[in-house]
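Form predicted alone, single chain, as structure tokens, below.
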Amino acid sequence: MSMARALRMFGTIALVLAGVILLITPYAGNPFWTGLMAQILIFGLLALSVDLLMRHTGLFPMCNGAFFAVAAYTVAMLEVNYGVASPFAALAGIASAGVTGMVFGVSVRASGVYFILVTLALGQLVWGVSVQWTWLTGGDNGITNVPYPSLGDMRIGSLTQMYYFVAFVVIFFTLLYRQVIRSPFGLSLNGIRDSESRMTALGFNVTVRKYVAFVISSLFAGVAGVLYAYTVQFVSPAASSLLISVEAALMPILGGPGTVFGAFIGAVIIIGIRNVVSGFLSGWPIVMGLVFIIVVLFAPKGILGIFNDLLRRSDRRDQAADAARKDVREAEQ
């Protein structure tokens, strides 16, 4: 068996194993692991929203945690304070994240480090509101007792049911994300990332396309925020902290920027270190920092990038070997 074929078989087995783990987690573990897996899925979706800008558009946003928090707070307030039905509360949460993205989208007029600084400041603005406007957000106490979502008489009544609901929604929006990045619009974003001047010369309105990508990114982050509020049943200023935006940016970098599964691999690493390793080591941020440094130095394309590079090299070796064998056969004839 060739190396390339072995790698493809390994990738298929890993994908099937991940699917099995996804299906059996609520029955194979305790509620802690079920909740942890749900958070991995949610933050993986948040990481995808960052990767849309970071890898496919060439922008490095530091405010997606703000969209995440705005959606989570909107759902929590509507459900807890006003008793709004879950479908309307969820849609309002996603819409609020989108509107925030439309406002913050003016930042795409900046580029490079200036874009990072502007989005960082905008994200901190949302964090300041969540801390200071206690009459609205509850301040440091947050909003508690957010109920599981319901549709009429059908209500999710357990963490297991909520987990499968999260898995379904995340898979749906991941497939939608895949369609977006493979669409003509998504391909044009790759062109903007590679050369804005060339895309402008070809007649594309670069600023408008970056703005639309920014708003789409905020909507995906909003979906993650809605799921977070319903799953954790609690929203506090921590949801809008700089740490959330930083972790959401690190996840695709660790897993493999520009790849759909890379965001979720990064989520497994970061959420795992934050929730599992922290139970054994008080210095868990040091562990996370070391992991990030090692990946950046030795695997700049992320963990999934190592696998893809090995596969490409194996394919080239197989093609060279096939060509050599063909030349030998032709010479013998």
Partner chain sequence: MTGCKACMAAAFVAGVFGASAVSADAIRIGVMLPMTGGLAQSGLDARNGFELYWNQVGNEAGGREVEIIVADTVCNPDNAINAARRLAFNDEVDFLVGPLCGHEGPAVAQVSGETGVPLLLVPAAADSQTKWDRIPTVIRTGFSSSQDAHPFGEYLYNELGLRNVTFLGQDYSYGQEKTLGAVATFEALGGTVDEILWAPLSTTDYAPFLASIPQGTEAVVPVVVGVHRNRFIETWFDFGYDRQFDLIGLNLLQADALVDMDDRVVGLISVAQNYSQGIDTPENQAFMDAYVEAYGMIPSYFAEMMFSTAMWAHEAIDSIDGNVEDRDVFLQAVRDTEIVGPRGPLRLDDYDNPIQTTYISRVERVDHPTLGSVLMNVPVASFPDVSQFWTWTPEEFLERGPYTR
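Positions refer to the first chain, counted from 1. Not measured: the values here are computed from a predicted model.
Keep in mind the form predicted in complex with the partner chain is missing from the figure; the text below concerns it.
Using a 4.5 Å cutoff between non-hydrogen atoms, residue 159 counts as a contact of the partner chain in the predicted complex. The partner chain in the predicted complex comes within 4.5 Å of a heavy atom belonging to residue 243. Shown alone here, residue 163 lies farther than 4.5 Å from the partner chain in the predicted complex, counting heavy atoms only. In the predicted complex, the partner chain lies farther than 4.5 Å from every heavy atom of residue 41. Listed stretches are 69 to 77, 94 to 102, 163 to 171, 135 to 143; the contact stretch with the partner chain in the predicted complex is 135 to 143, by a heavy atom cutoff of 4.5 Å. For the residues 232, 212, 84, 219, the 4.5 Å heavy atom test against the partner chain in the predicted complex is passed only by 232. Taken together, the three residues 32, 36 and 238 all come within 4.5 Å of the partner chain in the predicted complex, as judged by their closest heavy atom.
Contact residues in stretch 272 to 290 (any heavy atom within 4.5 Å of the partner chain, taken in the predicted complex) are 272, 274, 275, 276, 278, 279, 280, 282, 284, 285.
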